[in-house]
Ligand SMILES: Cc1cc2nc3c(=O)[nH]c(=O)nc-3n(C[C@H](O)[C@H](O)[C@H](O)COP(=O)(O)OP(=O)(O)OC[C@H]3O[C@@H](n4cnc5c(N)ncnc54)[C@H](O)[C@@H]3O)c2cc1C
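Take a look at this one chain, the form predicted on its own, written out in structure tokens.
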């Protein structure tokens, strides 16, 4: 069986690659080892599918800390505005929510998946599910043919030993995160076989694990903090990264947007300094300077001079919209008796309390595993991929898109934007390569 383009993987990047390639005039075969396409897409955005983010392109790239600049060309031709137009043309109304996140008005990921599958079928793409790929079919090229001095990929061999020929193959198999959706790292050995480097894989957008007893004994489990600032510190007491957002305490550590965004920096800092733990701090009231916090504490205590400190803190926490449940742990860390009244509290105690409100301390020893992460860090080295086409620079006819590459962003519509943009670029480029008379099968 022969097609002009084979796309391996039916996630967001693979679906978009198949659409772009077919729209460019190529005959396309879409392969997926699972029983259904779009499985990871169907659970994205909490089941609502955050299809993109409305930020300007430079901001988008800033929120893709894992080699986001590599996507500049792809985003310039098919970025968030084009993604919005694409789904609008499919009849899906979108709405903008906080921080630029774009969702279908239906609030159902199924709406997005169904529309993409309908588009794929309307373009005549041949779809084969439950079809696992064993390896790429490659032949050696003589020096300087098509600017390559290595391999030419001309199809795939399935696990059933079926040979499927094609002029171009797009690997869109994702990373190793959320493996129950089919992302189990299948594309990495194929890329290696074609001569590519796979950079070290690590979990990103993943809950952080901490060692502190008040977390491990579940004292704070389920406690949510709104609009805080979480900071990762190096063992040399230098600030590595700060992210603002919401946070939730789990039985093992921290989750929520701020923790997820800081998680990759926890992983990298532990590795860089070869240490077993690092310090984190939570600024419970980012808008307030330390002097303002101390003044609020003192003035509230002065007005309520007969009240115990723990009740003074309740009044302050109410003003700052912080949960009262945190107060006993805070006082325990400061080693201050919550039953003391204002006249009994020393200047040093007020300063200590202020410090811990602005830098609530925690000690991280890692994150949950890669399989439990939302996104995979690392992957096929972007140094070996043409950013204008997503084409391999080592093997003719081979293309990459999505999370299989060493690209990762924060949650909030950035990773899916990267997937759609790179998928569109790979699909269009592979089609152009495949139908070119200069590249006969």
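Numbering follows the first chain given and starts at 1. The shown structure was predicted, so the numbers you read here are calculated from the model rather than taken from an experiment.
What comes next is about the form predicted in complex with the ligand, which does not appear here.
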The ligand contact at residue 43 in the model of the complex, heavy atom, 4.5 Å: yes
In the model of the complex, residue 39 touching the ligand (heavy atom, 4.5 Å): yes
Residue 186 within 4.5 Å of the ligand in the model of the complex, heavy atoms: yes
Any non-hydrogen atom of residue 374 within 4.5 angstroms of the ligand in the model of the complex: yes
Contact test, all of 12, 402 and 412, partner the ligand in the model of the complex, heavy atom 4.5 Å: yes
Candidate stretches 345 to 353, 238 to 246, 212 to 220, 175 to 183, one within 4.5 Å of the ligand in the model of the complex by heavy atom: 175 to 183
Option touching the ligand, based on a heavy atom within 4.5 Å in the model of the complex, out of 190, 233, 317, 360: 190
Sole residue of 113, 120, 267, 133 within 4.5 Å of the ligand in the model of the complex, by heavy atom: 133
Stretch 21 to 41 - residues with a heavy atom within 4.5 Å of the ligand in the model of the complex: 31, 32, 33, 34, 39, 40
